[in-house]
Ligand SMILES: Nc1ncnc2c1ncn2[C@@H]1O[C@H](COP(=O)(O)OP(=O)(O)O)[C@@H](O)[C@H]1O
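What follows is one chain in structure tokens, specifically the form predicted on its own.
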Amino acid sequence: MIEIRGLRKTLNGKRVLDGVDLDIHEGTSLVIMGPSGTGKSVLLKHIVGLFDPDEGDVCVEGMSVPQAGGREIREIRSKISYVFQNSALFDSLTAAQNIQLGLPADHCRHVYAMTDPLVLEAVSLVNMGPEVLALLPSELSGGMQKRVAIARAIVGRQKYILYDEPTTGLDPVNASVINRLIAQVQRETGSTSVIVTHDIESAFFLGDRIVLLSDGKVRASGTPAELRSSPDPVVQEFLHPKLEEEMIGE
């Protein structure tokens, strides 16, 4: 379980997180939504220890991330994998080598990436064949790069997978493919998914529970059905934004 309590963070003079309280239960899929600039990605980075909070705490299975020393933060991070918004593949490494980076360094030094059974299993889980393993990221489409990034995230079988805007930059068809893949990965690995997205369709497809951030705070939290029926005007405006011409009275 991941517990977030009273989390506050100011960046460039702006308070992006303003007292966030959140529980993330094992084996579930939590979607974090909200307008741009509301701290969604910043929240993810606190979970994995890339940011330290100004106030508050983040605990992963009872271990405080901000207070963790070197050994403790390595233990915490061994439980978590991260899929970055831009995939963050290394250009000079093959797909196989990029995927193998999700495994301990000692394993990578002693096992050839192209024939690594764990790499081959991860590629299969993201519905790609071994023929992609020798390709460089520049030889892969955007959708295939996302799959390689997800394969890297799952190859070590971490309990928690954090997805930062996993469908950004993809066309609707590939976005749908990636959404189905995320759901499939959770079913088949039993992992806990935390997905940051601004895409409403993705959120309602993937989320067991959805959290809406607004002005750095949790504005709403519940199942997809509960958010759809929420009487909160901020929630409804986010889910059903007015057309521009309606906004100007046309």
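Numbers for residues come from their place in the sequence shown, where the first is 1. On a predicted model such as this, the values are computed, not experimentally measured, just so you know.
Keep in mind that the form predicted together with the ligand is not shown, yet the notes after this line are about it.
Engineer: Just give me the single entry in Val218, Val42, Val60, Leu206 that has a non-hydrogen atom within 4.5 angstroms of the ligand in the predicted complex.
Structural biologist: Only one listed residue qualifies here, and that residue is Val42.
Engineer: Applying a 4.5 Å heavy atom distance criterion, does Val16 contact the ligand in the predicted complex?
Structural biologist: Because a heavy atom of Val16 falls inside 4.5 Å of the ligand in the predicted complex, the answer is yes.
Engineer: May I ask you to state whether Ser193 is within 4.5 Å of the ligand in the predicted complex, using heavy atom distances?
Structural biologist: Judged by the heavy-atom cut-off of 4.5 Å, Ser193 is well away from the ligand in the predicted complex.
Engineer: Flag Ser202 as yes or no: does it have a non-hydrogen atom within 4.5 angstroms of any non-hydrogen atom of the ligand in the predicted complex?
Structural biologist: Although the ligand is absent here, Ser202 would stay clear of it in the predicted complex, with no heavy atoms inside 4.5 Å.
Engineer: Answer yes if any heavy atom of Leu11 is within 4.5 Å of a heavy atom of the ligand in the predicted complex; otherwise answer no.
Structural biologist: Leu11: yes, in contact with the ligand in the predicted complex.
Engineer: With the partner removed from view, which of 63-71, 221-229, 182-190, 33-41 is the stretch that lies within 4.5 Å of the ligand in the predicted complex, judged by heavy atom distances?
Structural biologist: Contact-bearing stretch, as computed: 33-41.
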